[in-house]
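This document starts with one chain, in the form predicted on its own, laid out as structure tokens.
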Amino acid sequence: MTAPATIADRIDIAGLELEVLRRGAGRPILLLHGFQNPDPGARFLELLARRARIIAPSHPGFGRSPRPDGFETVYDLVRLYLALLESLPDEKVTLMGFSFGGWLAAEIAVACAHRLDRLILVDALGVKFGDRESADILDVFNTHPKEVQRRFWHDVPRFAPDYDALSDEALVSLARNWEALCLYGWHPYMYNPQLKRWLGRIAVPSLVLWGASDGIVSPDYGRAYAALIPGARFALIDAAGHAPEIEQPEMFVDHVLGFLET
């Protein structure tokens, strides 16, 4: 079976125009991306689209989604996606968040369980377990880029981007995404001090997936995260770092579909 082609579209939510990638048919999945907006050619999207309908917006300031003046907090993003959920024709959707988008997904699941069918968090950020001096989450803005790549990927030579080979347009997009990520996640760095307290309110079946080689947020961080969500399953994906959906797309999709079809 061949997956339907990717459709690049725009959607207006609460007066903001978002770039949105739509793909596939069937069970709806709202996908919230991490450090970079989703690549339409990603293998995991192709595989998921054979069994599900994917709705993947680019956060304001990422990709081709404009960011209005004054729109600069995680609170703004969470409220935006709550409005997006209410606008969808589906009674309930599966919410999937990656990395920074996993933080957003967790915040949304705490606030809006009635519109969610299931929750999937992939190497999610958003909480802090250690003390003030503990680096639960690697500071990607103040760490050498080569070290960030080493900690991000399991197989750096194969998957880390070659910036010298990218087009000017791609480089501008990467820089724009990085700037927006810094704006949203800088202070406090990539977490909400209150979120840990409220994760126990999540009342939908939840799956927490983690790359076994993740050096941005470790598997132990992921296990502790999952333990705060009632009934959540935790699973490791071998030979993968912070983006297991990219490094191990088949294994990643097997986990997701197994969870959705249970």
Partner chain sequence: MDAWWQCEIPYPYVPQPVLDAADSVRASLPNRHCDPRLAADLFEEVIDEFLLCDDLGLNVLAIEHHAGINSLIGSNPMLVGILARQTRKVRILSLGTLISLRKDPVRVAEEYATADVISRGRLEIGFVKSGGTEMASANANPIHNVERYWEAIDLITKALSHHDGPFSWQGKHFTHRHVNIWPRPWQQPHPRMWSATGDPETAAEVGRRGMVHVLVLRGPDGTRRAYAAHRKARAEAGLPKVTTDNFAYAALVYVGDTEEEGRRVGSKLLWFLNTSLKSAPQYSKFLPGAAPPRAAPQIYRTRPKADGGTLSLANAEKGVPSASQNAQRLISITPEEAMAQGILFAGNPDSVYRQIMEFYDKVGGFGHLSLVGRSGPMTHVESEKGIRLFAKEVLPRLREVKPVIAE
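Positions refer to the first chain, counted from 1. Quick caveat: nothing in here was measured; it's all calculated off a predicted structure.
Although not depicted, the form predicted in complex with its partner chain is the subject of the following passage.
**Report entry** One residue of Ala135, Val172, Ala83, Val156 in contact with its partner chain, assessed in the predicted complex (non-hydrogen atom, 4.5 angstroms)
**Finding:** So the residue touching its partner chain in the predicted complex, by this definition, is Val172.
Report task. Answer with yes or no whether Glu179 is in contact with its partner chain in the predicted complex, where contact means some heavy atom within 4.5 Å. Result -> It does: once its partner chain is placed as it appears in the predicted complex, Glu179 has a heavy atom within 4.5 Å of it.
Query raised in the report: Do Leu183 and its partner chain share at least one heavy atom pair within 4.5 Å in the predicted complex?
Result: Leu183: contacts its partner chain in the predicted complex.
Query raised in the report: Could you tell me if His114 has a non-hydrogen atom within 4.5 Å of its partner chain in the predicted complex?
Result: Contact with its partner chain, no.
Query raised in the report: Is Glu72 close enough to touch its partner chain in the predicted complex, meaning at least one heavy atom pair within 4.5 Å?
Result: Within the cut-off, so yes.
Query raised in the report: For the chain seen here without its partner, which of 117 to 125, 143 to 151, 74 to 82, 98 to 106 has a heavy atom within 4.5 Å of its partner chain in the predicted complex?
Result: This holds for exactly one stretch, 143 to 151.
Query raised in the report: For the stretch 156 to 172, which residues lie within 4.5 Å of its partner chain in the predicted complex by non-hydrogen atom distance?
Result: Result: Tyr163, Asp164, Ala165, Leu166, Ser167, Asp168, Leu171, Val172.
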